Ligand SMILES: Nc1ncnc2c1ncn2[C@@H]1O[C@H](COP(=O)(O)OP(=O)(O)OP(=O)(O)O)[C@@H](O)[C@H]1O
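Consider the single chain below, provided in structure tokens and representing the form predicted on its own.
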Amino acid sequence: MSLGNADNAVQLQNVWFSYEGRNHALQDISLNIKSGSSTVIVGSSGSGKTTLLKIINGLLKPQQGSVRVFGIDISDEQKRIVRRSIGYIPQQLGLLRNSTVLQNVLVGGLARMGSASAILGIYPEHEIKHAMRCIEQVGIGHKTHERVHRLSGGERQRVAIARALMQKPSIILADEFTSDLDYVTAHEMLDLMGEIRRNGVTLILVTHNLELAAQHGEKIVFLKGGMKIAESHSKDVTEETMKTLV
């Protein structure tokens, strides 16, 4: 399911969040992310990057502040509708290692297909065809029936991207999904994400790699200690400035 074409894909206003018994993971975060843009969130470990993605995806609920996705306030009633339009790639990918590429990608469409497909492993023909198109789009059509544990790191990343595309998303969130890849493969994955953005999908990527952020994000948001300390267009940020902010 895809949501409407509001000017802002994501709006956070004065968002606070803390895990039980801990200090604030996010402190007074306000952020606007335009539809169809590419935003990279950078910061050191523990700066709140993953928490911020989970807030946007509705996996966590802020104690204070508001979160809107394409103008829809993420309340308990609206959360399911919004999440169907968000593809999420966690840091560890969350793939089924003993299942095939096709089976993994089909998981991305279960919100449309219902629980019976998940339990029985029986999928409508048009969903299978869509899954195969997603697999072809990320360049691993020849691996469709290969089991995931036999794939290289870069190929597994492509499976995770294809699974996100299976949702027909308006937004893709990616959390450090290139962290275990070598330099060349990491750039290949982000180039692929750039091609997806040109088809109208809003990208929000998390990384600690300043070089990747500068090359692949239109806007860079800097987090430190749960606070947004700066945001800027990537062309206006020098490497030296980035090092002082992170």
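Predicted model only: the values in this text are computed from it and were never measured. The first residue of the shown sequence is 1; numbering continues from there.
One more form of this protein exists, namely the form predicted in complex with the ligand; it is left out here, but the text below deals with it.
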May I ask you to state whether H216 is within 4.5 Å of the ligand in the predicted bound form, using heavy atom distances? no
is_contact(T100, the ligand) in the predicted bound form, heavy atom dist at most 4.5 Å: no
Partner proximity in the predicted bound form: G48 to the ligand, non-hydrogen atom cutoff 4.5 Å: yes
In the predicted bound form, V15 touching the ligand (heavy atom, 4.5 Å): no
Exactly one listed stretch (64-72, 183-191, 196-204, 37-45) reaches within 4.5 angstroms of the ligand in the predicted bound form by non-hydrogen atoms, and it is 37-45
Can you name the residues of 155-181 that have a heavy atom within 4.5 Å of the ligand in the predicted bound form? E176
